[in-house]
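Taking the form predicted on its own, here's one chain by itself in structure tokens.
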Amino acid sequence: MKEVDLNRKYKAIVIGGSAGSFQVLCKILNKLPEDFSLPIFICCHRLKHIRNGLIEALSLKSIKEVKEPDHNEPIKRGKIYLAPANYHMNIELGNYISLSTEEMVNNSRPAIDITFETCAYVYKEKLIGILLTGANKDGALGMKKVKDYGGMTIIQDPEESVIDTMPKAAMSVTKIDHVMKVEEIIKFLIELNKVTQL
């Protein structure tokens, strides 16, 4: 793994994933420091007719509270937001989250591309995008937007991914800054938190 630039003042993290990502998210959220100060936006593919279960399961594993935001909810530092089932999660200028029921993108609602693209537009070079294991190409164009706006792009190592389609799709459309195994992602986030506390 090449050295990671932690000198930039990052303001937010966005994480996307699909098949196999639940276990990865549990590992990451379980190791985050309690005082982790950046907001984290998580968009995972979910079954639209099943509204309960995922957030409860993630919350059990997470050191910090995980919540599904309400429409037009203000963004707070250190909070973890999970895109609700059957809603696109948009990050908006003015520091709030909006939800929409617009058409599915990549056969998904919530769509990872939408959350990543709106995050990239708002946070630009202050954003870190992390794309995990998954079985389709959703999130690839979102990662390209993160890169185009100057943010940092990280994918889960395809060799470690349960299904490598999603991280490989991102690699095919944009330059990825870092390819990391899950333990490296966790270590990176812990180090990042130390820097953002300064």
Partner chain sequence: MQTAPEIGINELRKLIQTIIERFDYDFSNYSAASFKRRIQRFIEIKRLGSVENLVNKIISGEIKKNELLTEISVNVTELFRDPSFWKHLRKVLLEQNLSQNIKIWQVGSSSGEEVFSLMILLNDLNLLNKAEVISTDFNVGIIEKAQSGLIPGKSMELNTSNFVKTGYKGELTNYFKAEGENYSLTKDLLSKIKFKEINLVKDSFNGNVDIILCRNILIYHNPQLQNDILKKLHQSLNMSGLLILGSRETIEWSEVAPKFTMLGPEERIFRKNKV
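Residue numbers count along the first chain shown, from 1. Predicted model, so just to flag it, every value in this text is computed and none were measured.
Form predicted in complex with its partner chain: not shown, discussed below.
S.K.: Judged by heavy atoms and a 4.5 Å cut-off, are 92, 96 and 103 together in contact with its partner chain in the predicted complex?
M.R.: Every listed residue reaches its partner chain in the predicted complex, so yes.
S.K.: With its partner chain left out here, work out from 159 to 167, 141 to 149, 25 to 33, 127 to 135 which stretch has heavy atoms within 4.5 Å of it in the predicted complex.
M.R.: Of the stretches listed, the one contacting the partner is 141 to 149.
S.K.: Spell out, yes or no, whether the shortest heavy atom distance between residue 114 and its partner chain in the predicted complex is within 4.5 Å.
M.R.: So residue 114 counts as contacting its partner chain.
S.K.: With a cut-off of 4.5 Å between heavy atoms, is residue 70 one of the residues that contacts its partner chain in the predicted complex?
M.R.: Residue-level check for residue 70: yes, a contact with its partner chain.
S.K.: So, in the predicted complex, is residue 108 in contact with its partner chain at a 4.5 angstroms heavy atom limit?
M.R.: No, residue 108 is distant from the partner.
S.K.: In the predicted complex, which residues of 118 to 132 put a heavy atom within 4.5 Å of its partner chain?
M.R.: Sequence-ordered list: 118, 121.
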